[in-house]
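Only one chain is shown below, in structure tokens, and it's the form predicted on its own.
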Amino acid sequence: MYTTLSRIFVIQGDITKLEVDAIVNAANSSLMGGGGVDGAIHRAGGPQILAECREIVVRKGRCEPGNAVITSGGNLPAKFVVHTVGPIWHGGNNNEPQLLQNAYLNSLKLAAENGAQTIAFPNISTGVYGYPKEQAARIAVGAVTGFLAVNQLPKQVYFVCFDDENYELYRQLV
């Protein structure tokens, strides 16, 4: 039997290079790509991901903060990309903590429903969306730990940190 924390790993690197079942994209509501990790995933994954995102938007509309949708991995080593929209930081008084927690939980739920054994998360909302990194890390680790305590899938969760600051924060929490 695994303990919850033995299923969580912190690494520093490029999420688009990981050979996992699912990677999470810190997307914007339009799902059409953008900067940061979103742009990197769309560039590395190729046009198939964008085409699938367009189909989702036609069927369901925009993806609101806290929600998630799933596409294939396109040209990525990952089978799936879970696109989730984190909240833009407005001082913490506009439901940002709950929306960020929901982004992680809904991503995990979609991955599990699609049989993903392994999933990798970027540091959602901590780039241009301005979420304070330490608060975001605590919410992320808490959401993932809680989900894994009551769910068998995914078997392994990776927090993939691009910068040194996030890497140290997550490493200390995990």
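Numbering starts at 1 and runs along the sequence shown. What you see is a predicted model; the values in this text were computed from it and never measured.
Another form, the form predicted in complex with a small molecule, is not on view; read the next lines as being about it.
The partner is not drawn, yet in the model of the complex one stretch among 143-151, 47-55, 63-71, 119-127 has residues with heavy atoms inside 4.5 Å of the small molecule: 119-127. At a distance threshold of 4.5 angstroms between non-hydrogen atoms, Val37 is in contact with the small molecule in the model of the complex. When the small molecule is considered in the model of the complex, Asn28 lines it closely, a heavy atom lying within 4.5 Å.
When the small molecule is considered in the model of the complex, Val20 lies well away from it, no heavy atom lying within 4.5 Å. Taking the partner from elsewhere, Glu165 is found to have every heavy atom lying beyond 4.5 Å of the small molecule in the model of the complex.
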